[in-house]
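Given next, in structure tokens, is a single chain: the form predicted alone.
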């Protein structure tokens, strides 16, 4: 990414060079347009904000009605001894703002509960993009916040002693740039005329070629040449099974010369190595099929998001016999390979030209759709359509489950919990259940277990955990003679309930820092709409250095 005019990167591009390589200009613009709110400036919360301020979010707001206590000094790097007794929101905001002068910081010395009670439109009027809730908070507040702000990204975080968790609440997240390992789609089973012509010319009279010429045939041409040969020998049928692909690999290796230096030809080895991954029919991924069949793709209106309008243009491209005829737009990239420079450039241009042709057809579809919706036909930039076309087989729609369904234990939640506890011997779900019991205890007493005069509340936490598991069993209508939960699970639950009580709600700085990294990474994914965020719960076990993810 370089500045226009000088051809040199500007100050901002130099400052954010490394992250621009990860999420590009689109991601950075989304980041700089975001407003992140932190509720409770705990050590974990401040670590999360630190990791968001450094890459350059637009604004942040700290909401906290607590004052700095001496216990904060040992875990929170954004407070010091001079601040003891002062408002925590104001004090941490001052130090967090120093991390990046490009980011605008503000604070409110009040509780979130008071704010949304006095002004229910607080979140929307302040343009808050995402809110990070750091426990302890009453559970009803999370539910209320989600009901009042259905489009808000909520990140609910626990960090207690050596364990932590993150739950993401979002109505939906549609992601185009998921950043798969590769966007390359060679379409060897669906070659177009220009590609077949190139392969035929590149492999003509191979036996008469010099050693140099034979050793520089692009492996794509070799694969296409032998696919035609295979079809001749198998009644126009292409290799489909694993066994057939291995037979095909042996067939093409019969054309490799062994009387050369080293005994092999690198381009033939490349062709053989590419068989299993590339000799296959074009398939539309399940994620993309979900998007193209979604009601919002099929039933557009004037207010439809650009994502769904482009998706409709892609769907029409796939469905039309004169356009994709069952295929998605070609991404247009090819891998490196051993070949003469001019041959590689020709091949590269063939794929780029086909991709440009597919893009033009999709763009035309999108323009016609916009006109039918009484919107300007140029309302969606071509670069957005191009991005969709390049990533068409990797787009994802993630629907997050609401807080109330999880908290009240619906059938989906019960099945997920039962399955993991029953069949995963290394499950970390007992940590989730212990933290859930911690939340139930806090809702009842207004403080963390173990905080009142060193009282051992672990037995009460274990009771809450058992009640929760009884709800799971009741929802699933398990037989009375089935052992659920198992003795091993109960033993683990007892241990974690004791651990959570022993921590008395306290944070450890190293775990807070680790959790801050985990949470901020997921916030960045959701804000930039790039990469694939967790759906929807992650638990970190700092004792065993393990983590687990579930959809609960």
Partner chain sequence: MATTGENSRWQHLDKILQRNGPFCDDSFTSGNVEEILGRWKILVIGAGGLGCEILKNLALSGFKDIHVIDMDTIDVSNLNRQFLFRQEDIGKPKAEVAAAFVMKRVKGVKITPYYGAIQDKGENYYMQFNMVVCGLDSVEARRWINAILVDMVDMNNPESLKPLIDGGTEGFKGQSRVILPTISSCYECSLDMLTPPTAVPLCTLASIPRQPAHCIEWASILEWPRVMGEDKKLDTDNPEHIQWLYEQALERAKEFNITGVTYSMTQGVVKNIIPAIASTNAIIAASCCNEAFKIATNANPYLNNYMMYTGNDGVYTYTFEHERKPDCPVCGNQATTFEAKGDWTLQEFIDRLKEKPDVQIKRPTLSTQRKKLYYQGPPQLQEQTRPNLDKKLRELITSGEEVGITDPGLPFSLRLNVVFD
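Numbering follows the first chain given and starts at 1. Because the structure is a prediction, the values reported are computed rather than measured.
Although not depicted, the form predicted together with its partner chain is the subject of the following passage.
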Q.
Quick check on this chain: which one of 194, 333, 136, 161 has a heavy atom within 4.5 Å of its partner chain in the predicted bound form?
A. 161
Q: Report the residue, out of 74, 127, 171, 85, that has at least one non-hydrogen atom within 4.5 angstroms of its partner chain in the predicted bound form.
A: 74
Q | Among 479 to 487, 501 to 509, 32 to 40, 58 to 66, the region lying within 4.5 Å of its partner chain in the predicted bound form by heavy atom distance | A | 501 to 509
Q) According to a 4.5 angstroms non-hydrogen atom cut-off, is residue 236 in contact with its partner chain in the predicted bound form? A) no
Q) Are any of the heavy atoms in residue 345 no more than 4.5 Å from a heavy atom of its partner chain in the predicted bound form? A) yes
Q. Heavy atom to heavy atom, is residue 26 within 4.5 Å of its partner chain in the predicted bound form?
A. no
Q. Would residue 80 count as a contact of its partner chain in the predicted bound form, using a 4.5 angstroms cut-off between non-hydrogen atoms?
A. yes
Q) Considering only 513 to 528, what residues come within 4.5 Å of its partner chain in the predicted bound form, judged by heavy atoms? A) 513, 514, 517, 518, 520, 521, 522, 524, 525
